[in-house]
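Here's a solo chain for you in structure tokens, the form predicted on its own.
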């Protein structure tokens, strides 16, 4: 451990990789999944980092996450591909999709990959720099056709998932990293608060009767409640529209979704990478995005706000600090890792005490 009792990123990656390999995930997949889960914790996305590892290990144990093999290519038209992910690790699949799209965008100007039957893909923000470091823009969308926790505006029956949207934008400096969802909050945070017996600060959910509440436990009630879309009771039609768009982009284009009765934890994914060189050029692109970034960060803050930030700015700063000073893990995550290590006879790193 470091002097401030925060574990080093490389120690956590090594432990996570060892646990995944013990659960029969091949080393090349285990190393990438471990790295990107820890990356989420580095950036402060504590519900979508190592917090997910126990669930992933369990899915490997029961065969609901496929450990070996590669994707099945359903269609390949050069600039567009459709993959059947065979429920392989979604973190590995998504990284592979972005890397493939980056390579193809070099030739085609833009490239898109639709993935059906992926396993869960964790934190969208962690993937975006795989494109922006090549001066390319990336769009990443995800939904889970086997789950529903968000009701459409005006309704009470959950139909969609929170449907996250990731966008990476090069600026000439730090990229803009957008990671939002079509709902006010997420399943991950709702589950964490419910487990801890806590409530949200605001009424961001509906109970089964359609009444607003801040109690995340309503999602597990009978009948189940739902998470409100972006805009809430006031303007939730906007979040519903965005959520429907994500469902179409991730499920309809891949040819597999809710209409097929998906029955296991997983994801439908859409990736698109755009190379500015194929449009007005890289320099013209970053001149505009750099100007926007500067206009945001130099904006006079309103009372009570220290500074106006770009999307992703705080996460990148957290990452730099964590790489230098150790990772600030959410309480209980290290205990969960220790339990998995004991269960699987994986040596506990001495650096973790």
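Model, not experiment: these values are computed from the prediction. Positions refer to the first chain, counted from 1.
Form predicted together with a further copy of the same chain: not shown, discussed below.
Engineer: Can you pick out, from 172, 188, 224, 231, the residue that has a heavy atom within 4.5 Å of a further copy of the same chain in the predicted bound form?
Structural biologist: It is 231.
Engineer: Which of 326, 44, 58, 311 has a heavy atom within 4.5 Å of a further copy of the same chain in the predicted bound form?
Structural biologist: When a further copy of the same chain is considered in the predicted bound form, the option within 4.5 Å is 311.
Engineer: Verify the contact flag for residue 265: yes if a non-hydrogen atom of it lies within 4.5 Å of a non-hydrogen atom of a further copy of the same chain in the predicted bound form, no if not.
Structural biologist: No, residue 265 is distant from the partner.
Engineer: Report yes if any heavy atom of residue 68 sits within 4.5 Å of a heavy atom of a further copy of the same chain in the predicted bound form; otherwise report no.
Structural biologist: Because no heavy atom of residue 68 falls inside 4.5 Å of a further copy of the same chain in the predicted bound form, the answer is no.
Engineer: Using heavy atoms and a 4.5 Å limit, would one call residue 213 a contact residue for a further copy of the same chain in the predicted bound form?
Structural biologist: Although a further copy of the same chain is absent here, residue 213 would stay clear of it in the predicted bound form, with no heavy atoms inside 4.5 Å.
Engineer: Against a further copy of the same chain in the predicted bound form, would residue 54 count as a contact residue? Criterion: heavy atoms within 4.5 Å.
Structural biologist: Result no; residue 54 lies far from a further copy of the same chain in the predicted bound form.
Engineer: Please name which of the stretches 317-325, 25-33, 58-66, 299-307 has residues with heavy atoms lying within 4.5 Å of a further copy of the same chain in the predicted bound form.
Structural biologist: Answer to the contact question: 299-307.
Engineer: Though the partner is not shown here, which residues of 71-85 have a heavy atom within 4.5 Å of a further copy of the same chain in the predicted bound form?
Structural biologist: Contacts from 71-85: 75, 77, 79, 80, 81, 82.
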